[in-house]
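Next up: a single chain in structure tokens, the form predicted alone.
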């Protein structure tokens, strides 16, 4: 790339850097971008860069493939209902060890390797995430998922304290019911709830798809809540994209200004979405 072209890219980014300076961006980190070593490094570098230009990134991570690996390694059977893992006491022990003890600390280490300061947290710390037991319906029957929680309340005090001290908070999606019981929570919903509690400017969901596609398979660059609900109703949005869109809607109704669904397999997708005119994913807005 010619030096002039590089300069033009920086100039294009300038109004966005000014606009988001001092603002909070919550990133749901998961999918392929979390398992591919090269992509992993690029995503974390992008997040560290955001911090250095004055944005306050907050990472909420998943870890499903890693949990599956360790469950298989320890000979434990597991199953999913409506995309959610049925979690008994033994499985919850593995989930907690993998998410808090392994995945969370690896991300913290990567941030610090790339020049940032990070602190690893979970919803258990400081009673950050209070949950109720999640029950789902399938074929007209209510199914008990075990230790799977639904976010009831987020106390953002610890997150805000970490940001004030110059850290990038890295949060594992585990919470408690207030009685000492620990629950696994869908990371998309945790990211949405935390973004709402922080009144974040943006929520970015890293996925393994381009974004939301219309009836013809074309990328929808901008989508309102009303349009999203219509897409779900007519089946344009289906499968695993439904909980992501529901999470987007909840976050927007909680005060988050915009939500972005971007393809984490595309190197530097977050920077392209936030700091360029055209973007590369789907932006979901209230109206």
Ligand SMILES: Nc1ncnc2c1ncn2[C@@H]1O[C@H](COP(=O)(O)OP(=O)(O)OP(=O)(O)O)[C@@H](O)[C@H]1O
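We call the rigid core whatever largest set of C-alpha positions still superposes within 1.5 Å between the two forms. Bear in mind that the values here come from a model prediction, so they are computed numbers and not experimental data. Positions refer to the first chain, counted from 1.
One more form of this protein exists, namely the form predicted together with this ligand; it is left out here, but the text below deals with it.
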Indicate whether this ligand has at least one heavy atom within 4.5 Å of a heavy atom of residue 207 in the model of the complex.
yes
Heavy atom to heavy atom, is residue 32 within 4.5 Å of this ligand in the model of the complex?
yes
Going by a heavy atom distance of 4.5 Å, is residue 212 a contact of this ligand in the model of the complex?
yes
Is there a heavy atom of residue 62 lying 4.5 Å or less from a heavy atom of this ligand in the model of the complex?
yes
Contact check for 105, 109 and 118 against this ligand in the model of the complex, heavy atom at 4.5 Å
no
Just one of 55, 241, 39, 48 has a heavy atom within 4.5 Å of this ligand in the model of the complex. Which one?
241
Residue stretch of 199-207, 86-94, 136-144, 70-78 approaching this ligand in the model of the complex, non-hydrogen atom distance within 4.5 Å:
199-207
Any residue of 150-164 that, in the model of the complex, places a heavy atom within 4.5 Å of this ligand
none
Would the C-alpha of residue 71 be classed as shifted by 2 Å or more between this form and the one not shown after rigid-core alignment?
no
For residue 250, state whether the C-alpha moves by 2 Å or more between this form and the one not shown after rigid core superposition.
no
Using the rigid core as the reference frame, would you say residue 163 shifts its C-alpha by 2 Å or more between this form and the one not shown?
no
